[in-house]
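Take a look at this single chain in structure tokens; it is the form predicted on its own.
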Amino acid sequence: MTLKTLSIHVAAEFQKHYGRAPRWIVAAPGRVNVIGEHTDYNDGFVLPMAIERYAIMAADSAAAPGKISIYDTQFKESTSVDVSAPVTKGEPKWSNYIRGVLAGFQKRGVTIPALDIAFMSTVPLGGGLSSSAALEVCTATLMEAATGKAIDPIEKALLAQKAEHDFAGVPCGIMDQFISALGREGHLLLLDCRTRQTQLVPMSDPSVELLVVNTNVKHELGSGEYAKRRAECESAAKILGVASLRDATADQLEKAKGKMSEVVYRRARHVIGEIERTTHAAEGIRNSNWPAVGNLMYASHAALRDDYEVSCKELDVVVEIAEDIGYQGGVYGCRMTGGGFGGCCVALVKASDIAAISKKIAADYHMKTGIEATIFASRPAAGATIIKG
């Protein structure tokens, strides 16, 4: 659904549920990370893109003071939040993404108005495409519209990140909220995770698109494995005598190889290489050098699979199918995206071959795994936006 179609749909759902038309409609996108995986907590670079999948809210002022009513149009679930006092965690669990943002605005001294809200999301849940960040940034954008108090997009992203840390208990990096808040149509965002500086990277060539392939698997290896990887990276940085792996070079790592375990060496090799691959990919995209960008994506996947060990059979199968289709069939490159152990792959493909590529990946993936993949194409979408208000 286009953003226009979505806004018509959510307005109709609001009307049906609350018996009147909404005053405000706002949206924020999910994202796919094109390259730059597990570099964020090593002060490196990431290169995400906002996708044409959104969290969207319709709202109006409410009669009951001090209360926000929230209706989830997809799961037909309602809840309310008392905003006459400091907002706290509550049930259902999904409401905490919203509650955390409301609490963030309260801490800024903003009086939260009583509102009736209806929302929906087309960002796939649990696929590593940042459905939570989209919901948080969407909520913050609604607060801006309803209170008339706009905040700097970077502050908005940080407020949403804090909501995820404090209310959802997920110690996420800054990428997801940054791209949802700061994304621009037709551009990727090169984000320096150390300085928080951003550069828009134009991707306006109509001959290419990004294809997102959701494996529809999530292996429960997650959080403990991530914590272990982080500790291994810190150990490598310590041995190398640098503040973080961002400051290390491949040469330094080779010279110090004998001082670290094989595993720590491989973790560091992925991160140092990935930071370099990310800046090179940004340059390749600026120059529309699609074969070079595709090769960097394949190299990224190989390092994530072999050195960082966060891939899984299903992700590897998708990348192998993409490699088999190859450049002649319209695929420049493919890699796993997100934290790993399941979720999605992202492929850089010729726009003219999208239908054939999607069909081939879906058929071969099902044949090899017995699982149906969910596949969609996206161009770089706009960040958070006030559609009506």
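All residue numbers are counted from 1 along the displayed sequence. Remember, it's a predicted structure, so these values are computed and weren't measured experimentally.
Not pictured, yet referred to below: the form predicted together with alpha-D-galactopyranose.
Trainee: With a cut-off of 4.5 Å between heavy atoms, is residue 182 one of the residues that contacts alpha-D-galactopyranose in the predicted bound form?
Mentor: Residue 182: no, not in contact with alpha-D-galactopyranose in the predicted bound form.
Trainee: Taking alpha-D-galactopyranose as it sits in the predicted bound form, is residue 211 in contact with it (heavy atom to heavy atom, 4.5 Å or less)?
Mentor: Residue-level check for residue 211: no, no contact with alpha-D-galactopyranose.
Trainee: I'd like to check something about residue 338: if you look in the predicted bound form, is any of its heavy atoms closer than or equal to 4.5 Å to a heavy atom of alpha-D-galactopyranose?
Mentor: Heavy-atom contact with alpha-D-galactopyranose at 4.5 Å: present for residue 338.
Trainee: Against alpha-D-galactopyranose in the predicted bound form, would residue 282 count as a contact residue? Criterion: heavy atoms within 4.5 Å.
Mentor: Looking in the predicted bound form, residue contacts with alpha-D-galactopyranose do not include residue 282, since no heavy atom lies within 4.5 Å.
Trainee: Heavy atoms, 4.5 Å, alpha-D-galactopyranose in the predicted bound form: which of 197 to 205, 249 to 257, 109 to 117, 171 to 179 makes the cut? Say which one.
Mentor: Going through the listed ranges, the match is 171 to 179.
Trainee: 40, 60, 353, 52: which sits within 4.5 Å of alpha-D-galactopyranose in the predicted bound form by any heavy atom?
Mentor: When alpha-D-galactopyranose is considered in the predicted bound form, the option within 4.5 Å is 40.
Trainee: So which of 265, 298, 226, 290 gets a non-hydrogen atom within 4.5 Å of alpha-D-galactopyranose in the predicted bound form?
Mentor: That would be 226.
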